[in-house]
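There is one chain below, alone, in structure tokens, taken in the form predicted alone.
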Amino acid sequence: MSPVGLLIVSHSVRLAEGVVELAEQMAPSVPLVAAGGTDDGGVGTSFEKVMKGIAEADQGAGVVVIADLGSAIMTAESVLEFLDDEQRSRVRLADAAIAEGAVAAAVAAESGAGLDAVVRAAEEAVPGAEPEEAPEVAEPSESAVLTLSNRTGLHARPAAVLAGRLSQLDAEVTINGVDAQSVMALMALGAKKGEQLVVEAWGAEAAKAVRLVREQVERGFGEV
């Protein structure tokens, strides 16, 4: 089955197309559709473009809609009300930052995640405020210290590879203290060639997760 599709709704044609261009670099098999601007190409949103975009992005596994501003969200909500019950059951409107959410959702969809998991990836792409008291964290059951060897370090593509594959495992994994199943968190590390990655994992597939990271790092993500 085709992966979950994404529809990017923006007031700007160029912004919607740019977000799609960014996301498709890391998710080449995911149906990604831009619905930006009004029907005549001006700034605003179009009911018809959103309706058509949902149909185009939905290839059987459903669609996650990500919108940029309040009236874009209202347009998307209006379109959802016009869908028949069967199609509406396969469409979710995510409460997510448009660029970060689209990239995280695209990576999750590319890895085979279902509709609800893709929505969650979009909405968790930008973390909320830290709790006042951090919860106690148990010692990791598996860990490793690895050195990046690829020339460009942990940039977008390697981050997407790690986040996408790790999200399929029954394990919690951190790299240098951040969620390794979040492509945005990994990219934010800005880790460069020669830097060390501290990998820690918990859960039933912790060993498999650490082994996966080790294999990818040691082969330089295919970029060496």
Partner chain sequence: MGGVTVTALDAAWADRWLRECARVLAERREELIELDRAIGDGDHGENMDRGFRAVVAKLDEGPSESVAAALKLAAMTLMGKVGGAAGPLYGTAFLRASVAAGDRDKLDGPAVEAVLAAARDGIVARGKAEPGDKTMVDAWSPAVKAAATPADGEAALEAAASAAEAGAQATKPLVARKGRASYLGSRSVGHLDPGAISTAYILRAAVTAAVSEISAGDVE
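It should be emphasised that the depicted structure is a prediction, and the values quoted were computed from it without experimental measurement. Positions refer to the first chain, counted from 1.
Same protein, other form: the form predicted together with the partner chain, not shown, and the subject of what follows.
Using a 4.5 Å heavy atom cutoff, 38, 71 and 74 all lie near the partner chain in the model of the complex. Proximity of residue 139 to the partner chain in the model of the complex falls outside the 4.5 Å heavy atom cutoff.
Put simply, residue 211 is far from the partner chain in the model of the complex: not one heavy atom of it is within 4.5 Å. The partner chain in the model of the complex comes within 4.5 Å of a heavy atom belonging to residue 45. Not displayed here, the partner chain is approached by residue 78 to within 4.5 Å at the level of heavy atoms in the model of the complex.
You can rule out all but one of 192-200, 45-53, 167-175, 151-159: in the model of the complex, only 45-53 has residues with a heavy atom within 4.5 Å of the partner chain. Applying a 4.5 Å heavy atom cutoff to the partner chain in the model of the complex picks out 11 as the lone residue from 1-37.
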